[in-house]
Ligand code: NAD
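Take a look at this single chain in structure tokens; it is the form predicted alone.
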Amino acid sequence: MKIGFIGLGIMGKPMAKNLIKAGYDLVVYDINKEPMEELKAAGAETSASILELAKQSDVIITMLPNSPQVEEVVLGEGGVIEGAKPGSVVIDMSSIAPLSSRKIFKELEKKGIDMLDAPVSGGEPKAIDGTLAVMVGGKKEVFDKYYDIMKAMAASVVYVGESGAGNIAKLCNQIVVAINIAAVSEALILAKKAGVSPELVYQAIRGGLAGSTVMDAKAPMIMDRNFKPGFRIDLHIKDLNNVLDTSHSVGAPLPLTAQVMEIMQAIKLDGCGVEDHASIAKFYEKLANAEITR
């Protein structure tokens, strides 16, 4: 079985490397040549085009920024749909709009090509160490057939439902993460302004009900002033756009999500769009005229 991997960015590159480590036969493509050369050195083949990659692959994994890019790569001229064989599968691990996933699924199905929407959570650190969480939509029998491939990149791979369900689950994930980072930021700025060590407050509450994976990942980053992107503000804004579009279409008001979206928009205007989403803390620091440190 040969796997084609398209999209070797912050997330895609380490995910592809983990497939090589797991012993899979990999061919890769990216618009940037540097990560392709890096993957070649790690043991992958490289392809000159998406079409050629699709022709030689049984499984095509895409890890791209958003819905338009996935639709272009899969359905566009010279795209996956023109080269993939009937009976092959596209596993889209990008975080895109559920309606876009369902559109791509239907077009591929006409050609006898299966599709799973399998977005991931965990950011760059978990992509590197292979402990991502993957939430998957599509046909259950297709999920079962390709479970081991996804598990080579993840600690958790969960089937959620039919096409688009994986991306619905990812949108739910992004709501919880965004609001959680905002809550952590509010708590730490309160501690700082009240004259209590944010570090000691963090240590005091992390083992109780307030503790979370998000708190343990982001509170130390905030206090260390480390905003190197594991997941960029710009990308989280993209996800929350998809969240709010979807929520409006199904009639689910999300007032807290909308509020955090505006916080992220303000931070982006301050030049933090390319920073980690832990930069949400900077919004509160600006309001309080204080800096959260240990």
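Quick caveat, the model's predicted, so the values are computed rather than measured. Residue positions are given as counts along the sequence shown, with the first one as 1.
Below: the form predicted together with nicotinamide-adenine-dinucleotide, not depicted.
Among residues of the shown chain, residue 83 is not one whose heavy atoms approach nicotinamide-adenine-dinucleotide to within 4.5 Å in the predicted complex. nicotinamide-adenine-dinucleotide in the predicted complex is not approached by residue 47, whose heavy atoms all lie more than 4.5 angstroms from it. Within 4.5 Å of some heavy atom of nicotinamide-adenine-dinucleotide in the predicted complex lies at least one heavy atom of residue 64. Residue contact check for residue 231: one or more of its heavy atoms lie within 4.5 Å of nicotinamide-adenine-dinucleotide in the predicted complex. The candidate spot formed by 178, 257 and 281 lies out of contact with nicotinamide-adenine-dinucleotide in the predicted complex, as no residue has a heavy atom within 4.5 Å of it. Between nicotinamide-adenine-dinucleotide and the residues 79, 123, 198, 130, the one pair within 4.5 Å by heavy atoms in the predicted complex involves 123. A heavy atom within 4.5 Å of nicotinamide-adenine-dinucleotide in the predicted complex is found for exactly one of 42, 266, 31, 252: 31. Stretch 31-39 is the contacting one of 243-251, 53-61, 31-39, 257-265, since its residues have non-hydrogen atoms within 4.5 Å of nicotinamide-adenine-dinucleotide in the predicted complex.
Contacts to nicotinamide-adenine-dinucleotide in the predicted complex (heavy atom within 4.5 Å) from stretch 3-17: 6, 7, 8, 9, 10, 11, 12.
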